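Next comes just one chain, in structure tokens: the form predicted alone.
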């Protein structure tokens, strides 16, 4: 399949590499072109602009940091919208606002293009191993078109509706739950450690009893070992996602008291630790606040 891929951060580069490995014809574009070099060695070609990445393609995938970055590559005479052929498909894998996804869906329809939301669950190591979980929403025809690409980068696809923004809402709910689990484990580990029980011992117990789930295993180990740098998912991105959760909650009139705590812990962590810490670094803030 002829593919354009835009956005070569930790996640995007790994996804694009797996698409190239699956023998798709991949043209890549990134604001910093040097990030494309390993992909070019793997058989991808370098696009001159988002428009060039989309021109003549069956599907263009985007994996960008936030809503503004996505909208920036869409618009303008060198943008994705200008290059994507009528009837071709844009698959957005970014974690963006529900309202943004609704706006982009309408925008593509105006250009007689197709649009699918397909954000993912999984850290960079899962992306590299082609073990992502993909949450897809949009027209059934569009999901069918994208399925061979999803199979090259993920282990399972969840179809959550025919309105693209439904996938973004599910992704935001999931990220809220991940950070809530990190908060819970960090508080429990801090209590245990201050009471004389090592964090590692508590982790052994919780994983060996009722909490043997990927989110506890992955983030519990990070908290025990304090592997907050290099960031697999940087705290500023986590803060952005919690802001988007808040926007969705406000739109639906859903009180989410825990969300405010998570946001404040992220802000405190960023203020004390800087921008390069993993979002699980809230565990360090929680421990410090307890005098550890």
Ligand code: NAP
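Residue numbers count along the first chain shown, from 1. Everything numeric here is computed off the predicted structure, so don't read it as measured data.
FYI, the form predicted together with the named molecule isn't displayed, but the following is about it.
Candidate site 35, 124 and 241: all three near the named molecule in the predicted bound form by heavy atom within 4.5 Å: Yes, each of 35, 124 and 241 comes within 4.5 Å of the named molecule in the predicted bound form.
4.5 Å heavy atom contact, residue 120 and the named molecule in the predicted bound form: Residue 120 belongs to the contact set for the named molecule.
Residue 246 within 4.5 Å of the named molecule in the predicted bound form, heavy atoms: No - in the predicted bound form, heavy atoms of residue 246 and the named molecule never come within 4.5 Å of each other.
Although the partner isn't part of this model, could you tell me whether residue 11 comes within 4.5 Å of the named molecule in the predicted bound form, counting any heavy atom of the residue? The answer is yes: residue 11 has a heavy atom within 4.5 Å of the named molecule.
Residue 168: heavy atom within 4.5 Å of the named molecule in the predicted bound form? The answer is no: residue 168 has no heavy atom within 4.5 Å of the named molecule.
Among 63, 39, 53, 223, which has any heavy atom within 4.5 Å of the named molecule in the predicted bound form? Comparing distances to the named molecule in the predicted bound form, the residue within 4.5 Å is 63.
In the predicted bound form, the residue from 99, 177, 72, 107 that sits within 4.5 Å of the named molecule by heavy atoms: Only one listed residue qualifies here, and that residue is 72.
Counting only non-hydrogen atoms, choose the one of 24-32, 53-61, 39-47, 255-263 that falls within 4.5 Å of the named molecule in the predicted bound form. Flagged stretch: 24-32.
Do any residues of 217-252 have a non-hydrogen atom within 4.5 angstroms of the named molecule in the predicted bound form? If so, which ones, in sequence order? If the 4.5 Å heavy-atom criterion is applied to the named molecule in the predicted bound form, 217-252 yields 232, 233, 237, 240, 241.
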